[in-house]
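First come two forms of one protein chain, each written alone as structure tokens, so that there is a structure 1 and a structure 2.
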Structure 1
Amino acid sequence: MALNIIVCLKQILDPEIPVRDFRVDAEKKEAVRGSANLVTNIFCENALETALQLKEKVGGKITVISYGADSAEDSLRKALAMKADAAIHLLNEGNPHPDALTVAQTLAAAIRKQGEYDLVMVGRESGDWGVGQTGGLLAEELAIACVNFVDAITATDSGLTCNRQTDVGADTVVAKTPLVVTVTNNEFNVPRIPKTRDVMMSYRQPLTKWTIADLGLTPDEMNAGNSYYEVVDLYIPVKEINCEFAEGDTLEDRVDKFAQKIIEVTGTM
């Protein structure tokens, strides 16, 4: 069963930026980029890796889609270098902070426009805002099923079998296509590193660019006013914690003080 797979990629500020370099613009309610890199959200790369492995087993086509600023092209080129087959850039014009519903509506319109599909894969959440809603909202917009926290998929003639991580273990979920899954990480879907040659080749591959108008959406239809939610405040919390280090003449004394503190805290809980 060859599969037509769509993988949605989000480009974000590198989450590994050290705390000391992290700033926010309280007016714009966004993080200040500074010298930090923009990277593909790790769970989106886990989704792409899971898709690539699935395609290697059953055949098919992988199309990557990203809705974002011009720089999102870098995420798409990297995905092509990792051996995605086609890439679509949904140009984000004039709405720098689309809410989750706007993103889902835009992606849904693009997925419909690109044609037939069996499986849509998104990351479980993003490393910046961590909203974790794109998959669920996308499934509702497309009126198809959704399985969250998937870390492996196998295809059979009757559909897809997903391994879903749960709080206490794992579920096996058998689903019909078309299906949306949100992907989480495991030891088997660590994103592959593309070969240098493939990175160079990816810049020669075609990349489709669609505007909102190309998708047939009007600003009203695409919730351009961000009517779903609005960030009203963004700040770096002031944590004035002075660690009290256990002191004493001997190790035993210090461990005793540490143990007493633990008992003191647990006694107040």
Structure 2
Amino acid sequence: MALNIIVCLKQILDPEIPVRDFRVDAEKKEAVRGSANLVTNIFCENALETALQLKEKVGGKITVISYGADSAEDSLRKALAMKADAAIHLLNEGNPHPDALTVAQTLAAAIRKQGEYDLVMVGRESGDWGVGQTGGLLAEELAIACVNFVDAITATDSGLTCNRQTDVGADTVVAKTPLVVTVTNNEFNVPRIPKTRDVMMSYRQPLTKWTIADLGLTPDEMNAGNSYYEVVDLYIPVKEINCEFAEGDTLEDRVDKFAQKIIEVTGTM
């Protein structure tokens, strides 16, 4: 059963940035890019790798979609180098903090516009805000079922057999297409590294670009979700550690002073 698969990709700041280089703009309530690279969210790459393995077994087509600024093209080119078949860039035209509902509405409009599909795959959550709601909201927008925390998929005559991780282990879900799945990581869906030649060839492949107007959405619709919650403050917690040394000429003196300090702090004998 060949499958028409859609994989949604999100570009984020590299979460591996050294802690000492991580900064927050308190006024804009966002992380400062600084020297950090922009990378594809790792769970989205797990989703793409799972899709590639599924296509290698049953055939079909993989289309990658990303909603973001011009830089999102880098994530799409990398996906093409990994052997995705087509790429669609949904241009973010001035919404600096699209919430999960806005993203889901945009992706749903693009998925409907691109035509028929069997399976939509997204990462279980993003490595920046970690909201983890886009997959469920996207399924709601498309009016189809959603299976969460999937780490492997097998196509059978009965449908798609999804292995999903749970708090106590794993279970198996058999679902009919069309279907949305949110993908988590395991040892078998580690993203492959594209060959240098494929990276170079990816820049020769066509890339479809759609604006919000192309999707039939209005600016008001694009900002509707932003009224549901507000980021009141964003800061890096400051952890203060006050350290005192128990001093004395002998070990017994230091132990006595240490014991006195415990009594002073706790107020007990």
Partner chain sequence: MKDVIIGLFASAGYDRAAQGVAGAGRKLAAELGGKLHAVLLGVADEATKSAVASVVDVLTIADQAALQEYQTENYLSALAEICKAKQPAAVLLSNDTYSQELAPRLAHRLGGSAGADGLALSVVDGKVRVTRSVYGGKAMASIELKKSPAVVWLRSRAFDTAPARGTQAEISQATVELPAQLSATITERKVEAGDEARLEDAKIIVSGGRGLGGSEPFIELRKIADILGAQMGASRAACDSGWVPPSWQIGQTGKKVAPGLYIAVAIHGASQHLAGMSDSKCVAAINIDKDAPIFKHCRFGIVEDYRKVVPLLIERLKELKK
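All figures in this text were calculated on a predicted structure; none of them were measured in a lab. Reference numbering: structure 1, starting with residue 1.
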Query raised in the report: Only one is the form predicted together with the partner chain; which?
Result: 1
Report summary line: Where C-alphas switch from fitting one rigid part better to fitting the other between structures 1 and 2, the hinge among D167, S35, E240, D157 is E240
Query raised in the report: When the larger rigid part is held fixed by a C-alpha fit, how many degrees does the smaller part turn between structures 1 and 2?
Result: 31
